[in-house]
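Let's start with one chain on its own, the form predicted alone, as structure tokens.
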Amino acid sequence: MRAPAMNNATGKDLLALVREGDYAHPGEEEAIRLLLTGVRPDGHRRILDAGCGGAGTAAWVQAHGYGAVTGIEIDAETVRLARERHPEVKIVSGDLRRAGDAVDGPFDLVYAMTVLYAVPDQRAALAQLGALAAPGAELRLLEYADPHGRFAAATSGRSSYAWWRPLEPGRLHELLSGTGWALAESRDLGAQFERWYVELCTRIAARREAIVERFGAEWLAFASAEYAGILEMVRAGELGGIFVRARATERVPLPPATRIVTRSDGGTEP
């Protein structure tokens, strides 16, 4: 059995059980509404859910009339589960660093929810999304953040966080520069993330028996420790949350495709 990891299909399935919906991001529907603040429903809008996971968010956005959603997800097993549970949503398999190979734009709205922190080359992914954006399109992110520059020191020597790249608020302009996006707004969500993770830890404790019955005691122990650790870092200011809104600038040519290497554990690296 593959070692537990919350970003694989089984981990996302466990979160769906705990959160009572196919959401892998904190905050569930409250977070989706926050992400879409000021966006009016429009059935003609084309929307890209970048890193859609189990597609619960994509299904919610589409069902509430915000537009026709296409989801892109890197994990093949998660894609299979998402298509099975949400056949009304178009879901494609692909890596955000090569999103242009998987989907055809243009899209009027592009969003990602706690996805970009897990992408090894964030600029490559943002450039791909920028090239898929329609004129005047918006990019909206709800992401993990490194609000005080303490994340690396706090997680030093902890291999489970070696691949995390939370956004640095002070470097957003630099990150977006040349990717086809211009920063319009950023907002600290540290208080919301703390509350959401308190609620998640409480839900995990309340669903202990159901988690063990469906996934086993090892998964319960892993999930409990994983989210208790994240909550501890959020409370200590070593990890936070951020909302980012950006506008499409001039369309840029797609950059050369990033060479993706698949590791033996099923993960990928450039």
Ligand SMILES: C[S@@+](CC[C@H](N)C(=O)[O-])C[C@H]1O[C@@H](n2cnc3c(N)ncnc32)[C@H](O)[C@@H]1O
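These numbers come from a predicted model, not from an experiment. Residue numbers here begin at 1 and follow the sequence given.
There is also a form predicted together with the ligand; it is not shown, and the following applies to it.
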property: His25, Cys52 and Glu73 each touching the ligand in the model of the complex (heavy atom, 4.5 Å); result: yes
property: In the model of the complex, the one of Leu200, Met113, Ala145, Val89 near the ligand [non-hydrogen atom within 4.5 angstroms]; result: Met113
property: Position in contact with the ligand when the complex is considered in the model of the complex, options Val103, Ala131, Ala154, Ala118, heavy atoms within 4.5 Å; result: Ala118
property: Options 187 to 195, 172 to 180, 89 to 97, 154 to 162; stretch whose heavy atom lies within 4.5 Å of the ligand in the model of the complex; result: 89 to 97
